[in-house]
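What follows is one chain in structure tokens, specifically the form predicted alone.
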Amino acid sequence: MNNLLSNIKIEVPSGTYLKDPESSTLGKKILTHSIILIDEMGFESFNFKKLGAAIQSNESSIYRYFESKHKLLVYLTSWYWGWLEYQLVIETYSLTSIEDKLKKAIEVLTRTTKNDNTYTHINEVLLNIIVINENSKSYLTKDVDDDNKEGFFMPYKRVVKRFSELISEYQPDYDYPLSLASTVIQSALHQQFVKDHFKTISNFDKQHTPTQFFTDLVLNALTYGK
């Protein structure tokens, strides 16, 4: 089973890169070390010159793969959402009860990330931290509508739609499945940030997790909607 899963490639919108970084050793090094550097110094301080020094390659070689550091960030966040969709499908597929599927989906979307050894060039734990801290910078730009038309955010939108379909299956009469799905997914990132940085306004501790909170929130909302 692990051998089968290792052959599954996470699909990222082609417009985010000039040359597929998954197609070469250098490209994979770019992904590996960009995740490490962005986590260490933040997206604002990160640049291709520093990345080139980290991978011992010319800055110009990175530009053969990515037009800008913004496109690299969009690639990384798109890869994360594609990987999360993969987790969502794999972990809910064999469940027969729609309530169990919904609860499992909430767990997948809100839990603390652990490394997936299937993709050795990607540190999913660090990438999750980058998504928590930097994800909004991939779309809060003047070019967001053009980027959306190019399909840059399709992996994220697929996750929202898959989750909304489970919500609708659980409660067909609920009027706002897409809105609830996107709210939970975005709020999960925000609450992880609050838990780590603004502890005095968070209820989360070893006994109370974001997954428990969002499970309670969603099920109560859908029960009220019945």
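A residue's number is simply how far along the shown sequence it sits, counting from 1. These numbers were taken from a predicted model, which means no experiment stands behind them.
Keep in mind that the form predicted together with another copy of the chain is not shown, yet the notes after this line are about it.
Only one of the listed residues (V144, L126, L95, V89) places a non-hydrogen atom within 4.5 angstroms of another copy of the chain in the predicted bound form, and that residue is V144. Contact check for P177: a heavy atom falls within 4.5 Å of another copy of the chain in the predicted bound form. Interface residue remark: I62 is not counted as part of the site for another copy of the chain in the predicted bound form, having no heavy atom within 4.5 Å. The shortest heavy atom separation between H208 and another copy of the chain in the predicted bound form is within 4.5 Å. Although the partner is absent here, F153 is a contact residue: one of its heavy atoms lies within 4.5 angstroms of another copy of the chain in the predicted bound form. No residue in the set T25, T110 and T113 has a non-hydrogen atom no more than 4.5 Å from another copy of the chain in the predicted bound form.
In plain terms, the part of the chain that comes close to another copy of the chain in the predicted bound form, with a heavy atom within 4.5 Å, is 191-199 out of 64-72, 191-199, 51-59, 27-35. Annotation for 121-156: interface residues with another copy of the chain in the predicted bound form are I132, N133, S136, K137, Y139, L140, K142, V144, D145, N148, F153, Y156 [heavy atom within 4.5 Å].
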